[in-house]
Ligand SMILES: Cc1cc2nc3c(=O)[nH]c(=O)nc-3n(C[C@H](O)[C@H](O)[C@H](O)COP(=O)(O)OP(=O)(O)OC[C@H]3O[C@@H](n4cnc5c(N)ncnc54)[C@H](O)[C@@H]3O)c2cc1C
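Encoded as structure tokens, the following chain is the form predicted on its own, with no partner shown.
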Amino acid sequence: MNLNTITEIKRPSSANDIYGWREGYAWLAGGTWLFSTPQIGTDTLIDLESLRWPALQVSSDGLEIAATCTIAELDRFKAPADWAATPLIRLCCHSLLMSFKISNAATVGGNICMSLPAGSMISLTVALEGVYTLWPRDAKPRNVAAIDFVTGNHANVLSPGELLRSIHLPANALSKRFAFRRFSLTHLGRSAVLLIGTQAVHSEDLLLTITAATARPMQLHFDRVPVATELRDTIQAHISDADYFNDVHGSAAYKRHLTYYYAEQIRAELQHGPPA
């Protein structure tokens, strides 16, 4: 879509070049959402591509993902052999409603900052205990846990002009066992429910991440894999009926049902191992 309100495109060499922020400014990464709908209140795009951030950086501490890393780049990532949770990356990259053209333009940071319930980069980074580095315009950088970033449907903690710089996935989370469940009305459709369970090596714990079904990510931690009744009771105690997201991809009641259904499958898999 042509954005006929745009009068200027800035291409900074550093984010600090944008030292002020006003209404009408918008960060431009992949632009797959920005160019999909009229932006009546926007007159200036600030192109993040000119910052040339390295897309993916591996260290002993884990994986650093630039906000400008494309979904396709992340999908092609080859991880160290001991990062057992790496297949989660590909599963989540393929849990988005997008064509191959879009995946080569859409960015990890863009998906996170859209903060939609079905944003699978949110699902991935929350499940793997990610930490986001945010760059305010007139303050020092700050770190926010992925679980705390999204506050509701299309809502997050970003201040005006604040920029998501990168996502850090710690090595200990990337080394965990995992179980993944997702439901969509169509094979390549938007997720109605996306649940991920992780378990530390040589541990009996369970970290259950619930996304898409709820307006914001929900996470439950158990020191030991619970029995089925304990799991169900804990979900019921921490997620109210009002927390489930109602849209054309599924009613709130249906998503609630699938949450309990898939949570039990994940519990059983991480307690006994994957089905034969």
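The first residue of the shown sequence is 1; numbering continues from there. A quick note: this is a predicted structure, and the numbers were derived from the prediction, not measured.
The next section is about a form of this same protein that is not shown, the form predicted in complex with the named molecule.
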Given 202 to 210, 170 to 178, 75 to 83, 117 to 125, the stretch touching the named molecule in the predicted bound form at heavy atoms within 4.5 Å is 117 to 125
How about Phe222 - does it come within 4.5 Å of the named molecule in the predicted bound form, if we only consider non-hydrogen atoms? no
4.5 angstroms heavy atom contact with the named molecule in the predicted bound form for Gly62: no
Can you check whether Ala155 is within 4.5 Å of the named molecule in the predicted bound form, heavy atom basis?
no
Exercise for review: Consider Gly30 of the chain shown here, and say whether it contacts the named molecule in the predicted bound form, taking contact as heavy atoms within 4.5 Å.
Suggested key: yes
The named molecule in the predicted bound form has a heavy atom of only one listed residue within 4.5 Å, and of Leu34, Met218, Leu231, Leu56 that residue is Leu34
Heavy atom within 4.5 Å of the named molecule in the predicted bound form, from candidates Leu185, Ala139, Leu97, Ala145, belongs to Leu97
Contacts from 152 to 177 to the named molecule in the predicted bound form (any heavy atom within 4.5 Å), listed N to C, are Leu158, Glu162, Leu163, Leu164
